[in-house]
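Have a look below at one chain only, the form predicted alone, in structure tokens format.
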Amino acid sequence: MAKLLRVNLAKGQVHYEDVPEKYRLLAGRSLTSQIVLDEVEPICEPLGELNKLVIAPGLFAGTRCPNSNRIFIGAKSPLTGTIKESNAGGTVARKLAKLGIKGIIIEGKPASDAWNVLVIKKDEAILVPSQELVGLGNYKTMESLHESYGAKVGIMSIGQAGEMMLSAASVAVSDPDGLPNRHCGRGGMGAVLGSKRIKAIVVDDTGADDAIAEIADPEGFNEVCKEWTKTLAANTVGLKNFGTTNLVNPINAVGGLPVKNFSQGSYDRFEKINGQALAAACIGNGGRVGHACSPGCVVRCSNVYHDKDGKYVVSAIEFETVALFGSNLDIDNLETIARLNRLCNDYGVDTMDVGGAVGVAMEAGIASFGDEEAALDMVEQIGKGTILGRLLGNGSTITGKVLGVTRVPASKGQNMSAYDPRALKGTGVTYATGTQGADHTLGNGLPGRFGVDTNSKDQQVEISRKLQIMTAVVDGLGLCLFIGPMPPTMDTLVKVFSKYVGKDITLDELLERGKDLLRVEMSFNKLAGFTNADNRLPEFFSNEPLEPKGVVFDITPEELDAVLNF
């Protein structure tokens, strides 16, 4: 029987609760956002006692459904001020599902500054004092916890950035190798966990045989998932071979790859940082491609990077990291990008917001574009807690304000990911109108989707609307976005969900789940004081033509206001 685990830091209490009927078919982002709306005061201080951190696996976690073992974290964001959800792969979601835990609600603040680890086992959930872990990065934190609790436990942890409550702080999730390489990176969820003085969460499913999934037609469900697994694996070979950096070539081709703080859209040395170059480096140096980020992943888009001496560095180097630490900073050296990635994983910060912040700092003259050692030094200062480090660890928006830079590629306080909105206008519409700030994972108008030219404004509002709804469906079931938030996937999910609930669900009913989730998030934001005026992009995107295509972001305010008007 599925249950909720509530952790009240003010009272020092940890206890289980029954799952309300209204939450029975919610999971992942749909559950975190609903609980945040139901229990969090929208105008609260994100790092104060009234904010709550909600953690939830997906609806199908622990089942034979492919790519279903992701973990979702939600709260009011200290970075954007909006409702926020961030998710990652790793080993924790499946273990929580085996323990029958549908969600964890962490609330209140402890009376003292003492730090704790939340330890969850089959028959107990307790807070364990953990002062000895304070000041450690994620790698040493997880190493220490594996020594204490065993090599097979799943772990979520924060590094120094989370301890300092920097608003770009992430929550690391142990990958299948037990390392802190999967991150709930966006929106400062690590800062919220740090505000609760929780350094880590350890999940030990030894002896557990429970489940959160209540499948009405197990045989039919498993059969549909079996066929889907075959199709999904066959259709994602490019991601397996080259990872998400396979996007470098097409994004560069449409003129949307960020270069020198989003001042250009095409990088003349893109072939040094693309998927082919990364795969060759991974394999040539003793690493690998086709690495699964979580149990049950059939896409296997992750990679393991070793340096030129064959020494392990990091897993995985993603497209957004390559672009924002690479072309965005005019750095074409994968070794340096890997080291920057490693530092961010260790300190626990979002590579997108920090990559954007370093780009803004370079535009301000703190260092020159292309200066690899300066980039490394700036990120290292985050871990040291210097003034500049804390500035960068709070993201690009704060960095721009302090350094007097107006060309900051952000929306609602969050740095854009690696797609310039002038060249990928559907993604730009999502950046502007998404409920959580500039985030491609809310609805990404990639080249080829719906057969529309990404440089043209034609149909981009409708495309963003469709993608935001379908993405909300995927997130609301707790699945990985690389199953593809597109119409063919929706048709498959109709079959999967119908078998799960034991009755035929229509496509319209499935899509309504996505709309309902967006309505929940828009309701919270409205109560927090956000209006249509916040659904805009910085003016330089409309005023500065992006070379080499000469395009601007030309979606009108009236068109933006209509995107989520349903």
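Sequential numbering from 1, following the sequence displayed. Because the structure is predicted, anything quoted here is derived from the model rather than measured.
Beyond the structure shown, there is the form predicted together with another copy of the chain, which is absent from this document and is the topic of what follows.
Taken together, Ile366, Asn394 and Leu403 are fully in contact with another copy of the chain in the model of the complex: each brings a heavy atom within 4.5 Å. Contact between Gly502 and another copy of the chain in the model of the complex is not found at the 4.5 Å heavy atom cutoff.
Contact between Glu512 and another copy of the chain in the model of the complex is not found at the 4.5 Å heavy atom cutoff.
In the model of the complex, Leu343 stays away from another copy of the chain, with no heavy atom inside 4.5 Å. The closest heavy atom approach of Leu527 to another copy of the chain in the model of the complex falls within 4.5 Å. With the partner removed from view, the residue among Pro78, Pro258, Gly355, Gly476 that has a non-hydrogen atom within 4.5 Å of another copy of the chain in the model of the complex turns out to be Pro78. Residue-level contacts in the model of the complex: of Ala338, Met164, Leu136, Val202, one residue has a heavy atom within 4.5 Å of another copy of the chain, and it is Met164.
Only one of 58-66, 502-510, 531-539, 23-31 lies within 4.5 Å of another copy of the chain in the model of the complex by heavy atoms, and it is 531-539. Although another copy of the chain is not shown here, in the model of the complex the stretch 368-399 places heavy atoms of Ile387, Leu388, Arg390, Leu391, Asn394, Ile398 within 4.5 Å of it, in sequence order.
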